[in-house]
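Have a look below at one chain only, the form predicted on its own, in structure tokens format.
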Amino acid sequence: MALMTGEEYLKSIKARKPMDIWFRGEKITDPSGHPALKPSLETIMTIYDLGHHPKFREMLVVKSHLTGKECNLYTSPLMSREDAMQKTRVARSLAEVLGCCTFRCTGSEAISGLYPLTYDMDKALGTDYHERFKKWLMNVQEKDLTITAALTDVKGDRKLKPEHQKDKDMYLRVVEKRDDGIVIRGAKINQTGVLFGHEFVIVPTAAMTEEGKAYAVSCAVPADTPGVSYALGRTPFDQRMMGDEYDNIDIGKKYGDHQATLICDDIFVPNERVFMCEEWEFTPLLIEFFTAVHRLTAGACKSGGVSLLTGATKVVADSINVGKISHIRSKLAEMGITAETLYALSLSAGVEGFKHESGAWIPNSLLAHAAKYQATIMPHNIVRYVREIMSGTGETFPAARDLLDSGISEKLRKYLAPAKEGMTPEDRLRVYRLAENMARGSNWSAMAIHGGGNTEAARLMAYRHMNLDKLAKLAEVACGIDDNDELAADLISERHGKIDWDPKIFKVKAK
């Protein structure tokens, strides 16, 4: 099968077996036709269509190193520095188009993490996970499937390890091993785009111990597998998605995303779909590989969102004729600088990576985590500027129908007319709603903090990769505590101005 179009994708989703999906106490029989999911469907169909767009195809289509055929970038692991740079550019570019998650990112990052991980496991343990994974991946590429990654467990008591929880299902685990596969039980939360994915990949959320080896599991599960249930998460805007012709205006844009909790109720996964089963000692390595790519992407996609929000804020300012006031220009400049800073960190993480023995390209973890850390802070700083410039009106503007098609419309159009010549009241409402969506009402601002890990997780992971002893030694030479100038020269020459990273951290000793 060639790369799918949006319509072909829609047919493939409608062809799934009935799924157990719930929202506000009611069962959703057809997610592709539900008003609350309409913006999500627009997003994923657009992602597929952009793969055929002459100006996006070069970014989104790559050649598979497994088959030599064309495949979507989201179904291919990173295999070179150029791939990592392309992943960054795609994440930023699509965020500027959509202003929300693309849904296919987490799956692509699980693919990029599992490819070298399964290679290392086979080399150390004599397993056949890598060959299983490659066969599964070739099918994903051939069918152009959307894969999401189920990462975050519900976690229960955060002070306790998985195996010490009062309810052992607070982390997803293997409850039975069979000759032909495994049975898993548990739940994953905040799973972006999962209702419109063909399959999801289970990935451990933390490094496991030998006592908790049942929680060291990774596998691929078709989204319509019997025994999997879903609860669609709420958003501040879901009451505005009522199937009305004015929904897109009230929401702020036609694109959106969704999160859901997925529950695996003793589902069976055949061996060919299992890529880790109780190899607990490899869970830290999987997290390293996965987060290096995932957090590179996090910085890049938030960069694109900030760019879009900056543009919206400029239109808002012009609508009330304050766009050229000095403090407004200063705030817009800072917003633009924020976007470029996040983009630069993400891009450099890909550039400064290293080649794994499997052939995969591993981004620089320190820079990737630095990008993610800044993505948890910088977008929220600029949101304050957006709300200042909007003057509080974004959240309280009337509904689109009242402005455009009601008994009060004529009066509202008079009093809500923009100051900018040629701009209509509808134009003003549209851009205010876009700014409101990204500054307050959508998942975008929440994902800036928690998507790909929270602030503290990024800080701790970055700390792991900092060579503070080396930096301390440089300081001792600089101030004269150590008078060995040649030592400083040796230490600096090892870096050549680059951020420290050590591929040895990714090594696991064979048993």
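A quick note: this is a predicted structure, and the numbers were derived from the prediction, not measured. Throughout, we count residues from 1 along the sequence that is shown.
If you look for the form predicted in complex with another copy of the chain, you will not find it shown, but the lines that follow are about it.
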property: Contact test in the predicted bound form: residue 64 vs another copy of the chain, heavy atoms, 4.5 Å; result: no
property: Residue contact check: residue 459 to another copy of the chain in the predicted bound form, 4.5 Å heavy atom; result: yes
property: 4.5 angstroms heavy atom contact with another copy of the chain in the predicted bound form for residue 271; result: no
property: Touches another copy of the chain in the predicted bound form: residue 384 (any heavy atom, 4.5 Å); result: yes
property: Proximity to another copy of the chain in the predicted bound form (heavy atom, within 4.5 Å), stretch among 130-138, 217-225, 109-117, 231-239; result: 231-239
property: Residue among 182, 85, 121, 79 with a heavy atom within 4.5 Å of another copy of the chain in the predicted bound form; result: 85
property: Proximity to another copy of the chain in the predicted bound form, single hit among 164, 329, 355, 143 (heavy atom within 4.5 Å); result: 329
property: Residues within 4.5 Å of another copy of the chain in the predicted bound form, restricted to 185-199 and counted by heavy atom; result: 185, 186, 187, 189, 190
